[in-house]
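As structure tokens, the next two blocks hold two forms of the same chain, structure 1 and structure 2.
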Structure 1
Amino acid sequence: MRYVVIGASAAGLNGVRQLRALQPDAEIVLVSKDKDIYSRCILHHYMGGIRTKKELMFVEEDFEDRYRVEWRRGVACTGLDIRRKQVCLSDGGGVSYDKVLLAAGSCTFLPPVEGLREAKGVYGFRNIEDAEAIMEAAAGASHIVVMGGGLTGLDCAAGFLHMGKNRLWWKWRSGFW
């Protein structure tokens, strides 16, 4: 039996652990656009210099060996060919499967505000690449707008405050989207 797990965040990694516990002899392939395993929940600590990239890691150093998982790092799932039972990958390849666990997490939602998607300096806050792009752009910024008052928006604002950015504008109100 071959399982393909899509996503290397907490859900995907715990899925790998449980699959291995339940299916000791199964083949498990982990597919993730990420090249490292890290906690997205504390990215604001990375932004604010509280933690290093290494300190964001939350799995055993021998995760791949311990759970006998083949990790396809740095490639995203672009689709599923359910007739051929194959996961399509961003590098043009594919991985056949018997069963798939979709644990890819969420993606940034940009509200339908005219010109927002095309505007320069607009970032999502979902992964390490987003955080690094934000940190680079914020280094020279004197004013920062955070859109969204959920946990992600609050975490991003906390990261800015830890960076010493205290001129934040919050754009949230009920029914805004």
Structure 2
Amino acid sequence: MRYVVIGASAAGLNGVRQLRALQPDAEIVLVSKDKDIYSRCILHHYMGGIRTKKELMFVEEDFEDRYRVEWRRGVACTGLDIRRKQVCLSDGGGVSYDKVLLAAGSCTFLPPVEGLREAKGVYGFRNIEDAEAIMEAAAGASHIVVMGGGLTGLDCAAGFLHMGKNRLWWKWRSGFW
């Protein structure tokens, strides 16, 4: 049996661990768009220089050997050829499969707010690339609005504080959407 796991974050990595525990003899291929593994939960520490990129990693250094998995890093799955049972990859190659575990996460939701999509200087806060773009844009900014006061919004606000944006006036507004 040959499994292809798409996505190497919390779900994909744990998927590999479970597959290996349940199927000692299976072939497992892990396909991840990202080359590096990082925890989104501590991205705000990265923003403030509290942790380096390496310190965001939450996977065993010997993951590939330990779980006997072939890891294709830095290539995205671009499609499934269901007739040939093949996962198509962004490097032009393909990986044949018996079963696919899709663990590709989600993406930032932009609420239906007029002008939001067209505006400049609007960022989601999900990926390390988002954090890096935000850090660059925020470096010289004095007025920053965090839209969304849930877990990620508060994490992002904490990131700005870690960056030294502590003279900002944090104004909590709710119920005006």
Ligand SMILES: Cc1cc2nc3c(=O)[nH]c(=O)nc-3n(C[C@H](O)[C@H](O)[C@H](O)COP(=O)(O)OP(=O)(O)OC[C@H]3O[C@@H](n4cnc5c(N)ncnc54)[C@H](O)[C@@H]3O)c2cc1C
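Computed from a predicted structure; not experimentally measured. Along the sequence of structure 1, residues get numbers from 1 upward. The term rigid core refers to the most C-alpha atoms you can superpose between the two forms while keeping them within 1.5 Å.
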- prompt: For this pair of chain forms, which number matches the form predicted in complex with this ligand?
  reply: 2
message: Aligned on the rigid core, do the two forms place the Cα of Ile82 2 Å or more apart, comparing between the two structures?
response: yes
field: Shift in Å of the C-alpha at Gly92 between the two structures after core superposition
entry: 3.6
